[in-house]
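Coming up is one lone chain in structure tokens, specifically the form predicted alone.
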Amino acid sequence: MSRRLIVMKFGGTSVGNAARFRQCANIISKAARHDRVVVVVSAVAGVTDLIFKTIDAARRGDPETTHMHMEKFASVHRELVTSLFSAEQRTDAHDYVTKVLTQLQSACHALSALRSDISAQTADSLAALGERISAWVLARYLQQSGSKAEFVAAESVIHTDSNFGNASPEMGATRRNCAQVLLPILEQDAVPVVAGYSGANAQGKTTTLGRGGSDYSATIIGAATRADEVWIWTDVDGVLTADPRICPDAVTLPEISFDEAIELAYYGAKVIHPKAAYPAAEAGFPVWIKNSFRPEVTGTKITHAAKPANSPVKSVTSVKEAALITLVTRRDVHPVDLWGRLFLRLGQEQIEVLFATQSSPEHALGLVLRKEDAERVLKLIDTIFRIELAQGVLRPVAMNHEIAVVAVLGESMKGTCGILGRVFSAVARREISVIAVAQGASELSICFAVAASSGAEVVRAVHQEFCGQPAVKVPVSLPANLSAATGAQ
């Protein structure tokens, strides 16, 4: 019987310090006794943000802050090396860290001298440095611990397009790379340790895969190598019914579907990045979410055919910081063309809309966005509709930036009567007003906006209704002040 092939990805908290690296090595070594294992590694927690802060300080011509950030980058990794390696191994490890740090220093010195914006290509080459060090250090530590392992640069494995900052894989070339680079290492009963988050284009230039890039790296490699499973190691026991900081009675879900995982991640749950789910869903292998701090816990399995839960609602999550932008046209103007132009531009700018509501009689459109995107969208609206705003065709734009979005999710909600009524009954019992609501055509999720100050209370109320102890139910009509409601049950 052939051994399974498992791709393991370790996130930033799982490699947060020397003790965490030792735990990762222990997990890998145990698994490699029974299965073939490919490892994908994130940067040490906080390092990628530190790189971007360093770049920004250099671009602004702030040498003191630039130096401070680079010293922190160096000290984090030198401390890691000193703690992990024996005296014989330490010199090589320090030399490798110095080599990577020199690349960052050289780029920052050039930026400081030029005082110009950094190109996307250069930014990608620097952003991936944290993962490169983590993967190299983990591979060397595995070797020191008696395991056969080999560091693999992401550029030699994942082939992408040239969309720097948010690259997409070219799967045909990536499969060929994996066959040439990873499979020979596996055939020697060794563990390839790949730097996550990045790849390379046809010219060999480093590209990054965008937010959630290391998760994406793992499932891309999983699909390219025809892996049996991908295990995402993080700092939680799996996918929970709610954020335990808000709902202490939240429990781990044994299984969820890929569609549920994508929806949960989109609305703020710590699961798997939506992009990372697609290669796994297409290839047909399951993804496990596991806790590297408690590896004995089974975790959550993400699969096509997830077993239904006891409740039609599997999880309640929220985006704590959101904003509502409202646009209203004159009544004698048909708004279809205006809204079409707006959504086209939002797509070009890669701005996510959490959900949108439209009221045809009032010629009104509501856009619910993440708060960090709101000002950018306001500027886009001013640019796109400069003439319409000046002529009064479009009224002055209103924005409410104190919004929380609550998402209620579960595939079993489809075709189940009364879900929407129970959700808003639970909210109404807390005497909280709903500002806007939408339900997708798939009936997989119900999303609604409330005042940010009430977000946590609403999550608790809905979680209690569906996932906690049964609550006393009272009849209630849907809120009268909804901007729009679609698919009401």
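Each residue number is its position in the shown sequence, starting from 1. The shown structure was predicted, so the numbers you read here are calculated from the model rather than taken from an experiment.
Keep in mind that the form predicted together with a small molecule is not shown, yet the notes after this line are about it.
Under a 4.5 angstroms non-hydrogen atom cutoff, the small molecule in the predicted bound form lacks Asn17 among its neighbouring residues. Of the heavy atoms in Thr13, some are within 4.5 Å of the small molecule in the predicted bound form. Of the heavy atoms in Asp243, some are within 4.5 Å of the small molecule in the predicted bound form. Taking the partner from elsewhere, Lys270 is found to have a heavy atom lying within 4.5 Å of the small molecule in the predicted bound form. Proximity to the small molecule in the predicted bound form, taken as heavy atoms within 4.5 Å, picks out 244-252 from the listed stretches 382-390, 369-377, 325-333, 244-252. This chain is drawn without the small molecule; in the predicted bound form, the residue among Leu84, Val239, Leu182, Leu126 with a heavy atom within 4.5 Å of it is Val239.
Proximity to the small molecule in the predicted bound form, defined as a heavy atom within 4.5 Å, holds among Leu264, Ala280, Cys178, Val193 only for Leu264.
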